[in-house]
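Let's start with one chain on its own, the form predicted on its own, as structure tokens.
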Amino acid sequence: MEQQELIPHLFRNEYTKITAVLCKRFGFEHIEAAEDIASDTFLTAAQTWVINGVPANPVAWLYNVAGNKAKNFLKRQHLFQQKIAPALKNAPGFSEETGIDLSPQNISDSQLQMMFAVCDPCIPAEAQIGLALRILCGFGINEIADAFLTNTETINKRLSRAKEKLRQQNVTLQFPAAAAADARLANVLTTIYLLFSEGYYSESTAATVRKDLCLEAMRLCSLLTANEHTNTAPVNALLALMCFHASRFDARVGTNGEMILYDEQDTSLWNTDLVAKGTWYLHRAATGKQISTYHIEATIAYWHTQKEDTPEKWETILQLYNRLLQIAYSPVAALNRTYALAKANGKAAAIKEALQLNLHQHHFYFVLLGELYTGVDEEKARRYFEQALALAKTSADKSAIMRRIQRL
């Protein structure tokens, strides 16, 4: 890999690890110092490697430089003398000569503990996702702003307020106590799923960023499955769910970036490796007595990866949606259930229930109504597609809806 490609690659993979370890050492109140040292390490690499060449082990070089910069920070900074040192000196085993522990185990633990910290329920969900993207995924402010369809000033303010709130709440980097572990882990999973959904359903025009969001959500969930403290059935179910969804990612988006509905997808583009991976995690999730919404959604997603279009398949999906809505109702799940209802029991039954949903703010609602009325009442189908067109936000989605209108 060439140097101009290597440093961005390492930044995406190692920046978050270094930041998490340093933040764990300094305390969350000094997270900006941890981020600065991690960033400065890569700046040093860019300046040094262009002169001396890339070292034999670039990752070890980065860890060594980051460790030295961190030790210098601890020794020299006035902040250390006034605020950090008194607290650290009371900690068991403290020594000013102690190096920064960048061992694989400490990196893994630090990242997971950081995950619990940024997913603290004391800050809003959007701020949790933003911090996760910045601190755990290494996204730039511009990329985060693009993902949220806003500007960098808004993101900077949002992240700054979130960090200040976490400082005020004295949030620390540690695994939650056993009594609170399930609730805190549930909050982490919610944030990861929101992050994935932000990429999977986002209306941003930057398609590559959307896919990055999904892959980062899957990577964070994989970290949870690799740790004995967090490798639970719901975690495996969520990872299975995301694998199944991601397996159809390439088939779901057309060459012009438009959304391709399920019936029109090229099944040869479905990623069989991700389907197999999702199936494996779904089996791992089948432990204990707990059935989470992730279990049900993952099973629904599994059936969507099965290419055979049989009545049994859609009846199974319909019953799973019925169970899901009983546990946790959501408008999106209700909308998706209507599609399954049409496939299982016909369009007439689906139209009757779809009209009761009244999701007039969602252009997909009107796209579904347009599809249901196609072949039943072409004039109504056209009217609903035109309502969808008025609500669609991206040119790609508008083009896809226009093609449906032209086919009537």
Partner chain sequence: MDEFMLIFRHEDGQKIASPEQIQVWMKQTMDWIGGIAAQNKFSGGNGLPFEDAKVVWHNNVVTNGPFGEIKETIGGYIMVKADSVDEAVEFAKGCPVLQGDGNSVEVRKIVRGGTDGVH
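Worth saying up front: this structure is predicted, and the values here are computed from it rather than measured. Each form is matched to the other, and the largest set of C-alpha atoms that superpose within 1.5 Å is called the rigid core. Residue numbers count along the first chain shown, from 1.
A second form of this protein, the form predicted together with its partner chain, is not displayed here; the remarks below concern that form.
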| item | value |
| --- | --- |
| Non-hydrogen atom within 4.5 Å of its partner chain in the predicted bound form for each of L325, Y329 and L357 | yes |
| Residue stretch of 137 to 145, 117 to 125, 215 to 223, 315 to 323 approaching its partner chain in the predicted bound form, non-hydrogen atom distance within 4.5 Å | 315 to 323 |
| Contact test in the predicted bound form: A233 vs its partner chain, heavy atoms, 4.5 Å | no |
| 4.5 Å heavy atom contact, R337 and its partner chain in the predicted bound form | yes |
| Contact test in the predicted bound form: T374 vs its partner chain, heavy atoms, 4.5 Å | no |
| Its partner chain contact at N68 in the predicted bound form, heavy atom, 4.5 Å | no |
| Residue among E379, D40, E353, E32 with a heavy atom within 4.5 Å of its partner chain in the predicted bound form | E353 |
| Core-aligned C-alpha movement of E353 between this form and the one not shown, 2 Å or more | yes |
